[in-house]
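Shown here is one chain on its own, the form predicted on its own, set out as structure tokens.
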């Protein structure tokens, strides 16, 4: 009996150790799977052109060089594209948060006829692929004679705004109604209660949805390519990278493309690191209360 009793804890410990080892192995596999593309882009950006076309490929450059980064940062079209992308993504994010916060407040805290159908209609707007609305949207933009940059800002709102409204609506629903009632008892109007009481509590959700909207606008390619065909100076970074041309005919500037990809990824990584705590708080609160 003593031996059998002693074998059970040992067996449980072995199962626990194996389970933990498998868990960390899974984490390691996921980490390599997610980080390898960025690692390969960085390695390729540090290689020379002869080493890029060498077979078999090497996992690290023999002599790392910064030539590709210098070429990219010295490219006036790429620098201008970075500025345009920053302007477009920032405007899209601010407009999405401004309109989404008001809509989320109304849909989450107010009772009116058609509230539920409005929510499902907003959700349905996210189901349309970009290519399905591109032709009609381009015709409207041409009819209104809008410049490329405002066209991209208004077009991106079609995809960032529904997501922002839906997430913020769920977050506003999770806030206690007693806060709104207490503010009204103290004489605050609906807008004052929204501005001074409820809106500060939604900061984590605003940061989370705003960052996701910024990333979506920053990486968008199809609309940017279409609307900047006749206005090349208004190209964003995804279009500028796709249209990179080499110095020699029939040469694909793979090293410069990878260097540009690393450069445009750095701002997103910095934003995520800066707002990491608020992002986690927003995602956790939405998961619990939504």
Partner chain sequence: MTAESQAGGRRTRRRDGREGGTSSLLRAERRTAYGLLLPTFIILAVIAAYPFGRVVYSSLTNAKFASSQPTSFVGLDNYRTLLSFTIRELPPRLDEAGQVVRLDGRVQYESAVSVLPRSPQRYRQVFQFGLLGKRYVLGAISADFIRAVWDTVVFTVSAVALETVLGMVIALALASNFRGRGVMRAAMLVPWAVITVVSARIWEWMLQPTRAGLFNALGSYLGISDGRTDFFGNPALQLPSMIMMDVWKTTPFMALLLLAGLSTIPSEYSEAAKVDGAGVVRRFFGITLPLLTPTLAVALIFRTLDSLRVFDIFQVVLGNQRYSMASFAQDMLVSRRDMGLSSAASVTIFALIFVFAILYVRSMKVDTQ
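Take the two forms, superpose them, and find the largest set of C-alpha atoms that agree within 1.5 Å; that set is the rigid core. Positions refer to the first chain, counted from 1. Source: prediction; values computed, not measured.
There is another form of the same protein, the form predicted together with its partner chain; it is not shown, and what comes next is about it.
- Looking at its partner chain in the predicted complex, residues 144, 167 and 212 each place a heavy atom within 4.5 Å of it.
- A heavy atom within 4.5 Å of its partner chain in the predicted complex is found for one listed residue only; from 199, 79, 154, 87, this is 154.
- Taking non-hydrogen atoms only, residue 221 approaches its partner chain to within 4.5 angstroms in the predicted complex.
- For the chain shown alone, residue 254 is a contact residue for its partner chain in the predicted complex, at least one non-hydrogen atom being within 4.5 angstroms.
- In the predicted complex, no heavy atom of residue 68 sits within 4.5 Å of its partner chain.
- Using a 4.5 angstroms limit between non-hydrogen atoms, residue 59 touches its partner chain in the predicted complex.
- In the predicted complex, the residues of 110 to 138 lying within 4.5 Å of its partner chain by at least one heavy atom are, in order, 110, 111, 112, 113, 115, 116, 118, 119, 120, 121, 122, 123, 124, 125, 126, 127, 128, 129, 131, 132, 133, 135, 136, 137.
- The rigid-core alignment places the CA of residue 29 2 Å or more apart between this form and the one not shown.
- Shown in the overlay between this form and the one not shown, fitted on the rigid core, is a CA shift at residue 52 of 2 Å or greater.
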